[in-house]
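Only one chain is given next, in C-alpha cells, and it is the form predicted alone.
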Amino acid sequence: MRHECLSGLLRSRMPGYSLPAALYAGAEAFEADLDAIFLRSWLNVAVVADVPEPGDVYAVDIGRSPVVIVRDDEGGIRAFHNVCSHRGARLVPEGRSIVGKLVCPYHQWTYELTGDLIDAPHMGLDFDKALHDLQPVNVREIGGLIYVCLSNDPPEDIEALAALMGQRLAPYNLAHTKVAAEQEIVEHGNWKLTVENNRECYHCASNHPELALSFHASDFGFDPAALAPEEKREAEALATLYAERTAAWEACGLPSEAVESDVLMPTNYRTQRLIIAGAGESQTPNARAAVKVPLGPMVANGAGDVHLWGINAWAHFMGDHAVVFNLFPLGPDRTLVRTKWLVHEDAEEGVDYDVANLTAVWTETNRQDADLVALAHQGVRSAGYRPGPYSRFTERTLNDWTTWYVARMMASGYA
C-alpha cells in the first residue's frame, strides 16, 4: 500500500463510522500504526510492582522494539532500549528478572543499572566506553503505573495525565502492591479492534454474565427509547445514585467525576469512579471483596471502581485489588493482552485471598472478549465488510477513539 493509499483511507473515514477494512487488517497499516502510535506515544507497559526492589528488571516488547525497565540501586525507575550497544543483541528476555548488572549474553558487555557501560572486553585501551552507554527510553511513573515513550520528542501532554491520575491513584498506594496473578491471552484480531471492544459495554449484557454481576453496562450509555418502563426507572435511579455517590466521594477527597482527554491531544485517556453493582465491593463472582487487606484506608470501603483507559491499556482500581490490562500488537491480526491482578504487599495468598476467586471474573471476561475480537477481525477481512455506524448512545467513545486514531496518524505524516 502506497503512502497515498493510506492517506486516502484515513481521509475516507466517515465521522460516526468504523474504519475502512484495510486500516484494521492491512499489513501496511499495521506498520504505520507501529510508527505513528507505538513509537511516538506514551504507553502504559508496566506497574511498579513489576520492579519493586533495586536490581529488578522487567522487559517488554513494543512492536519490534524491546524495552527493559530497571529499578536502579538508588530506587529510581529507568528504561532503556533492550539492545546491547555493541552489535545489537537483546540484553534480557521478556518478563521479570533480577540482576546486579546488565550483561549482554553475546560478548559480555556489561552495564550499570544506570545504563553506563563499564566493561567491554578486548576493545582496546583507547576504546571510549562513555560513547556506548545504553540508549535511554523516556519513562514516567504515574500513581504506580509505568509509562514509556520511544520517541526522542515525547508528547508533553503526559503532564496532564500525571496530574490527574497521580491524585486519583494515590489512595490505592500501588507502590505497596504485589502482582498476585498474571495472565496472557493472544487475541486473533487487530489491536484497534481490541481497543474498540474494551471501550464500549454495548456488548456486555449478552456476552459477559460474570462481569455483569458487578458492572453496570449502562455506565457507558443507553438509548432511553429502547428501555422498558422498569428499565427506565432503574436507569433514572442509577443516575440519581451516581450524583449522590460522586458528590460524597469528592467530599471525602476522592476525585470521581469523569475526565477524558481532548480527541486531538496526543495522549488519549478517560477516567471515572464507577459504582460497583450488586454487593458493591469488587469485581468478583459475588461482587464482594476478594482480598481481606485493602489497598489503602481511604478506599477500604465503598470507594467504587476507578476505571482508566489509555492508548494501549485499561485498568480498574477497587478497594481490595486492582486489575491492569496492557495490549501489545504482535501483527495485523494478533494482539497480546497481558492482565495483572495487584493486591496489597502484605496480603497472603491462601489466607487473605484466593487467586481463583480474585481472577475469576476477568479470566472469563478476557476469554469472551478474545472471541468477540476474533469475530470482528474475521468480519473486517470479508469482501462484505463496509464501515458501520456507531451508536450515538452506546458507542460515542468509539467514535472519539477512532477520531483520535485518524488524527494521530495524520499528524504523524500519514495525511
Partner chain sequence: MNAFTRPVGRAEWRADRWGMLRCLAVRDETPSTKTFVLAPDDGARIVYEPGQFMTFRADFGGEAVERCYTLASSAASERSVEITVKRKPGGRFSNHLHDALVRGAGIEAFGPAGRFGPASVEADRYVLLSAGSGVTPMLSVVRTAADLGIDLDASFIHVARHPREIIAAVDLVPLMRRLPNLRVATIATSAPKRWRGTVGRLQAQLLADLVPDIGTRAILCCGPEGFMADMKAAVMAAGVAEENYAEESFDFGAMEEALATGAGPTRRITFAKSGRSFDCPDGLTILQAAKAAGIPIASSCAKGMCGTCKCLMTAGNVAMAHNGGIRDREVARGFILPCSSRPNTDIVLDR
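Positions refer to the first chain, counted from 1. Keep in mind that this is a model prediction, so the values were computed, not measured.
Although not depicted, the form predicted in complex with its partner chain is the subject of the following passage.
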Can you tell me which of 206 to 214, 143 to 151, 243 to 251, 70 to 78 lies within 4.5 Å of its partner chain in the predicted bound form, counting heavy atoms only? 70 to 78
Heavy atom within 4.5 Å of its partner chain in the predicted bound form - the one residue of 119, 345, 116, 94 that qualifies: 119
Exactly one of 272, 110, 197, 339 has a non-hydrogen atom within 4.5 Å of its partner chain in the predicted bound form; which residue is it? 110
Would you classify residue 186 as touching its partner chain in the predicted bound form, given a 4.5 Å non-hydrogen atom cut-off? no
Though only this chain appears here, would residue 101 touch its partner chain in the predicted bound form if you measure heavy atom gaps against 4.5 Å? yes
Heavy atom of residue 56 within 4.5 Å of its partner chain in the predicted bound form: yes
So which bits of 8 to 43 sit within 4.5 Å of its partner chain in the predicted bound form, heavy atoms only? none
